[in-house]
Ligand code: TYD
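There is one chain below, alone, in C-alpha cells, taken in the form predicted alone.
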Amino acid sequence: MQDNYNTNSKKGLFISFEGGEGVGKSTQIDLLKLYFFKKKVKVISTREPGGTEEGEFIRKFLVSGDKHSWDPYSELLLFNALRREHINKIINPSLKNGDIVLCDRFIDSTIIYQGVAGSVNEELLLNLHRTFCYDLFPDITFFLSLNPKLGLARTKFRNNNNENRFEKMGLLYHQKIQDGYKALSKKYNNRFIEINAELTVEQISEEINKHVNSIIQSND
C-alpha cells in the first residue's frame, strides 16, 4: 500500500520538538508560537500522541498508567494509527494552507522510544512510516538536550503528573533515550538542531528564534 500524498505540495513549514522527559518542549513551543503571532505569521501547535480529538482521547491510555501497560510493538502500531489521522486532519491541511506547524514529538520519538529503547527494528519503524504516514518528516527538528537525571527531576513539578508512564521506566531507560537522540541528531543533521536545555528558558527561546529566522530567510 502506498498513498498518493506528495510532501512536495506543502507550502508551510513543519517544525518538531524532540527530547527526553522534562526538557521543556511545551514551554518552548508556546514561546515560539507567541513569537510568530507577534509577527503575524500563521502558526498552529499540536502534539503526539494526540493532536486530533480521537488522538487526545487515546493519548491518556498511552502516557499514563502502569509502565508495562503496552509493549513497544503495540505502542508502535497505536502511534502510527494516531499519526496517520494527525497528518490527515491537522498537519497536512495546515501545511497546504501555508501555515507553520509546531509539533511536540513526531516520528523521531517513535524511532527513539519504541526503536532504541524498546528494541523494535528501525527498518520496520520506517517502513510503517513510509507505508501509512506518507514518509513525512519535519523540515526542522529542535532537539532539546538534557541530562536525564535533571529532566526526570523537573517532571516532578509538572501540572500533568498523571501523564508519567514513561517517566516510571527508570534512569537507564532514559539514558538510552538521551543517547539515542544524540545519535539521531548526527544521522539527520540536515534538519536536527541540538539545543542545550540546561540554558534558561529565555536563552533557549532566543536560540530557537535565531535558527528559525535564519531558515525562513534562506527559504524566501
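Residues carry their position along the shown sequence, with the first being 1. All values derive from a computational prediction rather than experimental measurement.
Although not depicted, the form predicted together with the named molecule is the subject of the following passage.
- In the predicted bound form, the named molecule lies within 4.5 Å of some heavy atom of Arg158.
- At the 4.5 Å threshold, heavy atoms of Glu194 stay clear of the named molecule in the predicted bound form, well away from it.
- Contact check for Arg59: a heavy atom falls within 4.5 Å of the named molecule in the predicted bound form.
- Contact annotation for Arg105: at least one heavy atom lies within 4.5 Å of the named molecule in the predicted bound form.
- Contact here is defined as any heavy atom lying within 4.5 Å of the named molecule in the predicted bound form, and by that definition not a single one of Phe14, Thr46 and His129 is a contact residue.
- Note on the interface: of 37 to 45, 165 to 173, 182 to 190, 66 to 74, the segment with non-hydrogen atoms within 4.5 angstroms of the named molecule in the predicted bound form is 165 to 173.
- Residues are counted as partner-facing when one of their heavy atoms sits within 4.5 Å of the named molecule in the predicted bound form; in 106 to 127 these are Phe106, Ser109, Thr110, Tyr113, Gln114, in sequence order.
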